[in-house]
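Take a look at this single chain in structure tokens; it is the form predicted alone.
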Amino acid sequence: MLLLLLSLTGCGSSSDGKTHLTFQIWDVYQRPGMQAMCDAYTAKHPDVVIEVQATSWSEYWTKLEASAESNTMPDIFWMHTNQLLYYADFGMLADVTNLYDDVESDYYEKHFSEISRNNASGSDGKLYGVPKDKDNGLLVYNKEMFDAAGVPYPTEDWTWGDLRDASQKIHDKTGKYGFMAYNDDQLGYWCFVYQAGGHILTADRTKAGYTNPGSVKGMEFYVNMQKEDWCPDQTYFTETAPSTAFFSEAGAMYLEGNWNLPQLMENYPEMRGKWDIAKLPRCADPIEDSESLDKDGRATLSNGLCYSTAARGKNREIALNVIKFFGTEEAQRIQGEKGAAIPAYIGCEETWRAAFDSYNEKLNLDIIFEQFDYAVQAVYNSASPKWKSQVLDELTRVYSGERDLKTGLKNMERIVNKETAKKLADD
């Protein structure tokens, strides 16, 4: 490998004799963790320099698509589950299925969960990224508002009815919003659909399930919450993000992703100790069928990123060696200890807790790790980049009253099926 690196370094070296790699990410808060991993790699490979480039989410995908079309993709980059199938199926990502064969033939199976491996897999079953992290959605709540209303804090036995009752009591007592249900998928209606026994996509991910009885039940509960006086409508969220509303103490509860918790603790010091996290409430009477996941009314959506490199990048072999390191226990521990998301590497997950060690006010982080026991993999297929925004637009029409929910669900199902069938035909 050393000879390989020296050879490739010579081919792509700059005036300083080193190979310079670019590493693009979209979350500035994770930059220190990514930089620390790069520093650990370059300490062992001094002839390699890695520049971590952070940009916004929207700019990231615009630039990545343009660079893919011109075959100038960054050397290393994050890949999201929503986009991986799209880029992998177009042959833009390097196949890393056999990347660790010289270490362990079953490296991925031994060190990463099935969900993490699936999040990094293309439609052909091959791996197009090294698993980076894993996450899930949770309930954030304001303890002071619960105390003011005389409502016990959420427990793991909480149901949708408990959520509704607590929201009403908090609103009646404080005048604040009880629960803030905003138009989102992973941190919104997807969770309630799966809790109710429904599904967004069939298990083979070729058909949509928006009109499935369980899906309708979950959607009705989630969407209709905005009709209550204790829940703002979607017009409110066009000007105020739910997290902004929560940390300005305008509302008592909302759904959040665990990946945002470190920055929320850092950005709102005046709120530390006033809030905590809980498991998502469950559906007490799900409608189950052959596509339902047997979760006893419980579900949270789990997603995970991976580290990828281009299939035809000029520094491909060195980039592969870097992401191979990123998938080791050493690198994933660094990632976790720096608070850059929960590592995907089995056994390293708890290192992420270190991101909260400096705070006297403690969050109930245990619930995040316990929710992985019944988490549902985020529901994407290779046509997701085509149908995702269309579905959210249709749901916006439902929220605005332009479309009734029954018609909206039929339209969402039609959109997903049409785009999926088109993609499968093109393949």
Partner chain sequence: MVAPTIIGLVVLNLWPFVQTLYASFCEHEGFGHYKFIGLQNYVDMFGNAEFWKATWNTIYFCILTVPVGIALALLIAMLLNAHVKFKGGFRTIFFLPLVCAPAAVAMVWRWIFNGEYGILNQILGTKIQWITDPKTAVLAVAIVSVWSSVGYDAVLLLAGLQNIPKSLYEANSIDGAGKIQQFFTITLPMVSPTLFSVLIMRLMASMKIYDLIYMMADETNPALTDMQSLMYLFYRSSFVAGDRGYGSAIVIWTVGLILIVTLVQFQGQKKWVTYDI
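Positions refer to the first chain, counted from 1. Source: prediction; values computed, not measured.
Below: the form predicted in complex with its partner chain, not depicted.
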Task: Non-hydrogen atom within 4.5 angstroms of its partner chain in the model of the complex for each of N82, T202 and F247 - done: no
Open item on the list: Check S358 for me: does it contact its partner chain in the model of the complex (non-hydrogen atoms, 4.5 angstroms)?
Closed with: no
Open item on the list: Residue-level question: is E239 within 4.5 Å of its partner chain in the model of the complex, judged on heavy atoms?
Closed with: yes
TODO: Would you check, heavy atoms only and a 4.5 Å threshold, whether R397 touches its partner chain in the model of the complex?
DONE: yes
TODO: May I ask you to check whether T235 falls inside a 4.5 Å heavy atom distance of its partner chain in the model of the complex?
DONE: yes
TODO: From the candidate stretches 36-44, 372-380, 23-31, 397-405, select the single one in contact with its partner chain in the model of the complex, where contact means a heavy atom within 4.5 Å.
DONE: 397-405
TODO: Please pick, from N260, N183, Q168, T97, the one residue with any non-hydrogen atom lying within 4.5 angstroms of its partner chain in the model of the complex.
DONE: N183
Task: The unique member of M92, I115, A331, M225 whose heavy atoms fall within 4.5 Å of its partner chain in the model of the complex - done: M92
TODO: Would you mind checking 54-81 for residues with a heavy atom within 4.5 Å of its partner chain in the model of the complex?
DONE: S58, T62, E65, A68, E69
